[in-house]
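The chain below stands alone, shown as structure tokens; this is the form predicted on its own.
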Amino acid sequence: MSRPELVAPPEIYYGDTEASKYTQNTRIQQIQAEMTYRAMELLNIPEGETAFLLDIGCGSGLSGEILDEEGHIWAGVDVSPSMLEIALEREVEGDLFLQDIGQGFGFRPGSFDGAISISVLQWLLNAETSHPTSSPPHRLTRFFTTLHSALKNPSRAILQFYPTSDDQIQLITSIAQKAGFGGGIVVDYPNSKKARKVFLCLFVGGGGGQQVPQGLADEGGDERVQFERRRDRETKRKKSAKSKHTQDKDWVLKKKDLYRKRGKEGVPRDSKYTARTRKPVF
């Protein structure tokens, strides 16, 4: 089976059908949650502190729900209109922007306390046209230079991705360093074909004193135990949310009906995603 980024550009590949399948797939939900928790661990935000985070390639908001759960405020960007439409139907908490990250970001300098990205960066490694501005080095340069500008000093960006070769890793890290970032690659479970995950851990500022965290070990030491505990916590959260879904959905539908009777504009339409988030927004 071909890798998705080799089939079509993301805004085409993740059309209505594929975006819906991706969001409803329980296996994908689990993997997305695990990697988001790991990214948050690498982001190393002080416990109890609320941060304003950028979710790069936010899709339908699966990672954003974890950011909500951890008590953070977030904005998300994605190039797929279908993914963002589902995120709106699911009434996610974050602000959403339609954005091709290969063209760079337009946020004001120092807007965010940190950034995460799950399974997105590899999409920048394929040229969609023969034009020079479509080349991977050009798009990566625009991505990293504008991301560096959008982050506060000091801060971190944690970008999980799926490289196909060491050359791709070298290309990405070298361009990130030229854009002003410090840091490097973190590999979890390097000896496992199934569990292996690659994270680009980038630093803004910090006087060069920040050290790249160690990857999780295959031997299953204390770090892996902590990771498994977060996985268990996510499973329990989903079970709890499912038990409350019916009651929450009735409440949301009543509120929507009330707002419509009052003539309020912009009330989200009812869908199968109604009330799936912890706290609906109107």
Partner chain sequence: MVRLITHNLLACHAKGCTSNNFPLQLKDVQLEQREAEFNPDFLRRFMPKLDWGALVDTARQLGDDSLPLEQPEMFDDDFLRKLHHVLLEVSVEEGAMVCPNCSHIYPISNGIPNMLLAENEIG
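This is a predicted model, so every value here is computed, not measured. Residue numbers count along the first chain shown, from 1.
The discussion below concerns the form predicted in complex with its partner chain, not included here.
Remark: of stretches 159 to 167, 83 to 91, 118 to 126, 194 to 202, the one touching its partner chain in the model of the complex is 83 to 91 (heavy atom within 4.5 Å).
Ala51 is the sole member of Leu43, Ala33, Ala51, Ile56 with a non-hydrogen atom within 4.5 Å of its partner chain in the model of the complex.
For the candidate set Leu98, Val187, Leu171, Val212, a heavy atom within 4.5 Å of its partner chain in the model of the complex is found for exactly one residue, namely Leu98. Within 4.5 Å of any heavy atom of its partner chain in the model of the complex lies no heavy atom of Phe144. Its partner chain is not drawn, but in the model of the complex it has a heavy atom within 4.5 Å of Gly104. Contact check for Ser111: a non-hydrogen atom falls within 4.5 Å of its partner chain in the model of the complex. In the model of the complex, its partner chain sits within 4.5 Å of a heavy atom of Val79. Residues are counted as partner-facing when one of their heavy atoms sits within 4.5 Å of its partner chain in the model of the complex; in 122 to 144 these are Thr129, His131, Thr133, His138, Arg142, in sequence order.
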